[in-house]
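Below you'll find only one chain, the form predicted alone, shown as structure tokens.
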Amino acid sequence: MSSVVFDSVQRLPHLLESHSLASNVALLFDRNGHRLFCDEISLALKRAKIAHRVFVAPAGESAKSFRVAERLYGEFIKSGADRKTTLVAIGGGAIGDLGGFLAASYLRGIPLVQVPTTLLAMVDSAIGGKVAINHPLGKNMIGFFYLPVFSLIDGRFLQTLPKRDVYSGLAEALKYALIQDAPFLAEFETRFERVASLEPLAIERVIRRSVRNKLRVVKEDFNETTGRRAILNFGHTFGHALEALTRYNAFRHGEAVLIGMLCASALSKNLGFLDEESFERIVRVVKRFPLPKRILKRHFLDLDERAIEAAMASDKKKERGAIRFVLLKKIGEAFLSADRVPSKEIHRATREAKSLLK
């Protein structure tokens, strides 16, 4: 299992050298990250006399495509990148996914380092070694299980985040409380404003606890063969459907997952697993997240439930044509459903989530 290092990005040259990864480095940014972070990181590498090249991808989910990957493969080849080249992916979830996909496939695998710059990437996507690109028929459909040598988390990056991205990352952190760490929910019930305002000690505590929770699951089921790792997708079946319906242009990923977790919690309750009191606790926490009203109305509240269900057709947890949902037995205990969930229950849960978010 790869390591997670909490340190300043200024220590990146030292970390590369200590892991014997400094002979040749490829830095991958999206356009926003290139503007914000490239000069500082490139200067640190120059001072350490580490040879490096800079590569830039589009911002957002559009980066996770065969078209972008093909262009970057060509740039790698022209730059002379070889099997000793270390790819350092610096950015949010999309760049982490794209960088991991490129590292896993270029020359059948080159060393990968993840440097997440968003809260969502720090608590989730840069941890655990699942990397992928999208297909027009589904998100993250083509990819690998491929671990970085290490992930470097520098909380200073969070100061550049728009507020929507902070809440998006917090939604993924909330997931860990719901699926396996019930006491963690208190952080969201009692310290929500302190965490959301990025108070250093509060947000660091949330990041470290989220990382521990994710690594615990990943160690138990790295290749997602037993179903244990699937619990990390709680809320994602509904959430990915919303993202697909909007072509990934309306919701932040964490916003879609937050709505999805509310739908999945309602489904858990309606199927007789989750008790009413626990469901109401989840509802109260979800309502503290400020979802953009116009986007919420147009891209969730006004959508037909059948369209949302149809968009789940490419869900990766589907087995023999049936969608397998991650559900809650109680707060802190999730499981992957074994039985087909009737459409009427999917629609009922979706309608209930809509009514709660109006």
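Throughout, we count residues from 1 along the sequence that is shown. All values derive from a computational prediction rather than experimental measurement. In this text, rigid core is short for the largest set of C-alphas that superpose within 1.5 Å between two forms.
One more form of this protein exists, namely the form predicted in complex with another copy of the chain; it is left out here, but the text below deals with it.
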Problem set entry | another copy of the chain contact at T85 in the model of the complex, heavy atom, 4.5 Å | yes
Problem set entry | 4.5 angstroms heavy atom contact with another copy of the chain in the model of the complex for F279 | no
For this session: Mark G143 yes when one of its heavy atoms lies within 4.5 Å of a heavy atom of another copy of the chain in the model of the complex, and no otherwise.
Result: yes
For this session: Give a yes/no on whether V131 approaches another copy of the chain to within 4.5 Å in the model of the complex, heavy atoms considered.
Result: yes
Exercise. Picking from 165-173, 240-248, 74-82, 197-205, which part of the chain touches another copy of the chain in the model of the complex when contact means heavy atoms within 4.5 Å?
Worked result: 74-82
Exercise. Which pick from A104, L161, V149, L271 sits with a heavy atom within 4.5 Å of another copy of the chain in the model of the complex?
Worked result: A104
Problem set entry | Contact residue in the model of the complex, chosen from E333, E70, D304, D39 - any heavy atom within 4.5 Å of another copy of the chain | E70
Exercise. Do heavy atoms from each of D181, K293 and S337 fall within 4.5 Å of another copy of the chain in the model of the complex?
Worked result: no
Seminar exercise, completed: Across 11-30, the residues having a non-hydrogen atom within 4.5 Å of another copy of the chain in the model of the complex turn out to be N24
For this session: Note yes or no: does the Cα of G272 move by 2 Å or more between the shown form and the other one after the core is superposed?
Result: no
Exercise. G129: CA shift of at least 2 Å between the shown form and the other one after core fit?
Worked result: no
Exercise. Comparing between the shown form and the other one on the rigid core: C-alpha of G138 shifted by 2 Å or more?
Worked result: yes
